[in-house]
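Encoded as structure tokens, the following chain is the form predicted on its own, with no partner shown.
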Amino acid sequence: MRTFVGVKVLTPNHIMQGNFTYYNPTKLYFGEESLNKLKGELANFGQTVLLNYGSGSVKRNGIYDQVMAILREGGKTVIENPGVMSNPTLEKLNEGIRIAREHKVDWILSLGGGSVCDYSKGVAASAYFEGDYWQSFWVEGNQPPKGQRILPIGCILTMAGTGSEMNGGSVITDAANSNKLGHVFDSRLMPKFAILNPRFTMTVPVEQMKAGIYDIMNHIMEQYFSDFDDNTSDYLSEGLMSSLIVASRAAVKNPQDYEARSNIMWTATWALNTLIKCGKTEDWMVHMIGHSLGAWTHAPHGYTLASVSMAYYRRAMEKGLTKFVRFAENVWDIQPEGKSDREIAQAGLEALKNWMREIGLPLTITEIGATPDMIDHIVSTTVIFPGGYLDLTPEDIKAILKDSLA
């Protein structure tokens, strides 16, 4: 790991070109009847379950009652841990770990969006860790030691976006220090099962749906915009992006469109369940800037990503022109006749921008509450992760943020 002053820089051990191992242990139940599968899963886990959920929307919309009825019928002892917020904090993580230890829970059930699932992984990894779990896992990027007890997790998803239901990612915010860090745990922390009912996603506000849509899009783009080889993963990514664009337009027009919400939810899972990264390097710098921006503004995650994307991808286009031409033609159907490669790529980015505006996403950091005086602080807490077309410095990140003000 190399470091600029005040900025942590993660350097990959090697560039992966076609050599990979793919393994995903999560069992998915998808569809309107998927919650019925929870009863059958209960026999696979212990008596005492820690039920993590958010601020209470699952109670208002009736999902909580349905889940509790199944748990009671299955004879489980339920320890409740409500109040898991969007962008879960280290303070809340500490509370969940304390509850898990005090009640000697056997497993964890996450009920809510991706933040609740992220949080549950943090609790599962840390409850039996001896040491400073924040420093070891999120700051240093270590995995739990071999042989350490890790609590199994099940996930009932109510919002589409993060893909947390089928990966090992966990993003936690140290609110006291305005530091938001993500850590990708190994397969031990992937949910053992995930229940995905698209109807449940209709219970969240439309603005949260929009934020989730761009989180999905950016997950795909972070993996797509690297390398120049002819990779099957890129064809998969183009299909996922095309599906998301169609579904997002339908869902914004009618949030109760079941087909559209189903496609959004399914795309979210495949966008970040480790499949489309196979054989590729990855570029996660929009996410790294977005995480730091979110720690200072507390804006929804998808909105922080949207607000810096145009400034970032205009720069990346200059170094990754071939891939941006492909993006324009295959995802946005930009016709190449009479255009230079640069004009084709620019037209693709303009189409992306128009779609973002069409579905109601912020295009500047000013729209999400960032101010010029925050920029130096945001830069100082941004992790630099090489892997895409740009080799960024803190000054580059500052320039991107300044360009994103208006």
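These numbers were taken from a predicted model, which means no experiment stands behind them. Numbers for residues come from their place in the sequence shown, where the first is 1.
Beyond the structure shown, there is the form predicted in complex with a small molecule, which is absent from this document and is the topic of what follows.
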- Task: Name the stretch: of 208-216, 225-233, 92-100, 185-193, exactly one has residues whose heavy atoms fall within 4.5 Å of the small molecule in the predicted complex.
- Result: 208-216
- Applying a 4.5 Å heavy atom distance criterion, does Pro88 contact the small molecule in the predicted complex? yes
- Message: Quick check on Asp118: any heavy atom within 4.5 Å of the small molecule in the predicted complex?
- Response: yes
- Query: Can any non-hydrogen atom of Thr162 be found within 4.5 angstroms of the small molecule in the predicted complex?
  - Reply: yes
- Task: State yes or no: in the predicted complex, is some non-hydrogen atom of Ser170 no more than 4.5 angstroms from a non-hydrogen atom of the small molecule?
- Result: yes
- Query: Quick one: of Val84, Ile264, Met285, Met221, which gets a non-hydrogen atom within 4.5 angstroms of the small molecule in the predicted complex?
  - Reply: Val84
- Sort through Leu244, Ile289, Leu272, Ile108 and report the residue having a heavy atom within 4.5 Å of the small molecule in the predicted complex. Leu272
